[in-house]
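Next comes just one chain, in structure tokens: the form predicted on its own.
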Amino acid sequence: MAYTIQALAEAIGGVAHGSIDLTITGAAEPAAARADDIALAMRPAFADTLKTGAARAAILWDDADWQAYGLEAAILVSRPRLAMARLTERFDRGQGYTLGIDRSAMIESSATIGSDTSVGPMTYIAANVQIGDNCLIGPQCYIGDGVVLGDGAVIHAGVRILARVRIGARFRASPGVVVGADGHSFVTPEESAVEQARATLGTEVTAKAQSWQRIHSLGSVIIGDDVELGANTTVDAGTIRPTEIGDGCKIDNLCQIGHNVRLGHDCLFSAQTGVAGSTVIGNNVILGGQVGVSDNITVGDNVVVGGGSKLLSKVPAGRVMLGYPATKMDQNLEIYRLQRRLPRLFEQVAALQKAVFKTGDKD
């Protein structure tokens, strides 16, 4: 992969300066950059280390004095992280998966595979599967009965997509993803302790010990276009209706989407987030790392939830939430400030009590 400064600037939406015909073959942090790398120095603090490396060109912020850093060329960008997205796409060398259909892959005769689609070693594609054009399916994957997979999918090693899952175009699944496994749904013959605890808020729990009986998952999963699932993330099948993930959702590693959940479009979830069953989440919702969302609640559009928070009840659209249980961020921070003052407050109360008691003794 080689680009001139001018070509790279056009590709990432920047403005080229200096020796625009200089050839670039890679990208690096400033201190580690070689002569044919472009250094990523999109903030002044990063640019200060340019002289440590050997880069002749760098990507800088839009009003940077690029010549002051002794560079031969520069690309100036107004939105650095967007430029980073476009740059990394150009230089991504992929995982080196086999192109074409590997001899060890097993594909049932009723499955249909689109044009220019690759299937890696030891992958199994079940009956009645429909896979679109220009897909890349890595080694040791499982594509279950009746799965529909749209054009342009990238399925990394060890992904399991179970029966009847329907997925749109340009899907990306990192290693270990499981889509369409049974939901965690069980019932007891008589009212259980958890049912009583929920109904009475824990004041009356008298249920006897019982064995759990499975509620089977008949609904599978529907995933829209341009969805990405991180490594070891799981999406459970719905009980009767499908679990749904809208277009453009990006879900990080080690996340869990429970049965019957509905996600709107363009949601962004960080690692170790869990959404419990039958919850409805709106569009453009952002959940930080280790966020927990209770079952059977709704979360409105454009909600932002800070890392480690736990949503236990309905959240209106547009709220910024933090804490356990999560409250509006400004309220949570005020509560935290007051909590920090509690030791001093107790000391003051104790001193007042002591003073009152001494006054009483004198009377």
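Definition used throughout: the rigid core is the maximal C-alpha set that superposes within 1.5 Å between two forms. The structure displayed is predicted, hence computed values, not measured ones. One rule holds for the numbers: they count along the sequence shown, beginning at 1.
There is also a form predicted in complex with a further copy of the same chain; it is not shown, and the following applies to it.
Here the chain stands alone, but in the model of the complex its contact with a further copy of the same chain, taken as any heavy atom within 4.5 Å, falls in 161 to 169 among 161 to 169, 67 to 75, 129 to 137, 110 to 118. The partner is absent here; in the model of the complex, the one residue of 222, 148, 268, 280 having a heavy atom within 4.5 Å of a further copy of the same chain is 268. Shown alone here, residue 101 lies farther than 4.5 Å from a further copy of the same chain in the model of the complex, counting heavy atoms only. Proximity of residue 292 to a further copy of the same chain in the model of the complex: non-hydrogen atoms within 4.5 Å are present. Among residues of the shown chain, residue 180 is one whose heavy atoms approach a further copy of the same chain to within 4.5 Å in the model of the complex. In the model of the complex, at least one heavy atom of residue 356 sits within 4.5 Å of a further copy of the same chain. Contact residues in stretch 71 to 102 (any heavy atom within 4.5 Å of a further copy of the same chain, taken in the model of the complex) are 79, 81, 82, 84, 85, 88, 89, 91, 92, 93, 94, 95, 97, 98, 102. Relative to the superposed core, residue 353 undergoes a C-alpha shift of no less than 2 Å between the shown form and the other one.
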